[in-house]
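To begin, one chain is listed below as structure tokens, in the form predicted on its own.
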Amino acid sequence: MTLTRHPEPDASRALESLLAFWAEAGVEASYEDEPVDRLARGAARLAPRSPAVAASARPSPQASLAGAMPSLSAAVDQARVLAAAANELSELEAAITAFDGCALKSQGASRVVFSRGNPQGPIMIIGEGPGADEDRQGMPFVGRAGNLLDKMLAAAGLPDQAFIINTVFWHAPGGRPPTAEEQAVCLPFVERAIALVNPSVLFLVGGASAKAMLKQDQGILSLRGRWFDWRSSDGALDVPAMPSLHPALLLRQPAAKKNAWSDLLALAERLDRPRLEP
């Protein structure tokens, strides 16, 4: 006769308690046929690797930076060549459209957003980057922020006096601000646009625009309302520039409109002065 051994009462209660604990924790099934020593597996992962394996698996920061810099440098050089060859704004727009060196172009943007406004006007307004409305219509500042900007210019006695572009020419994913690298790649096109338009003043709206164009680290609240001398990368151009608040910020914080209005009045006053040609 075969005898079946049953667990001791204390062992049975301990097993039931353990099963109840795991069930309450959300464990519904066992996926391993054999027990696994998790501690041994963790120790194996933490074991030091040989220097040769570690070096091949994880490139040094210097190597990564060296691999990235030539690509950015080459893109900037290509942008300079294309921009320099443009003798008209239409040619510059065509050059930007043909340019593949900015990563934004392949990150969901539907088209190039180049410019709008009066290229014979004394003001060049430089924003940060196109939004979703601009991406759909192919022109900068055509959404709610653009409508507010137009109304402010008209109220300041400056209707149809501005030519408007951005620091980059493609809509960034999620409407995020452009990165310093994206702005650096597009800068030769921006500088060529300034040279072709030859404005009396630059009006830099938004922190990303002011920091990129003036090479400043301060925030827009510290920069706004002050006059700076903007100079091109080759030193050939020198234009007075004033940073100000972005119209999109004014829509979110209406109380800040008085500061932007003060900036516009200072801009209009500056334009009344005789311009000294170099």
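We number the residues from 1 along the sequence you see. Model, not experiment: these values are computed from the prediction.
Below, we turn to the form predicted together with uracil (URA), even though it does not appear here.
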Can you tell me whether Gly129 touches uracil (URA)? I mean in the predicted bound form, with a 4.5 angstroms heavy atom cut-off.
yes
Answer yes if any heavy atom of Phe141 is within 4.5 Å of a heavy atom of uracil (URA) in the predicted bound form; otherwise answer no.
yes
Using a 4.5 Å heavy atom cut-off, which of 154 to 162, 85 to 93, 130 to 138, 182 to 190 contacts uracil (URA) in the predicted bound form?
130 to 138
Do any residues of 228 to 247 have a non-hydrogen atom within 4.5 angstroms of uracil (URA) in the predicted bound form? If so, which ones, in sequence order?
His246
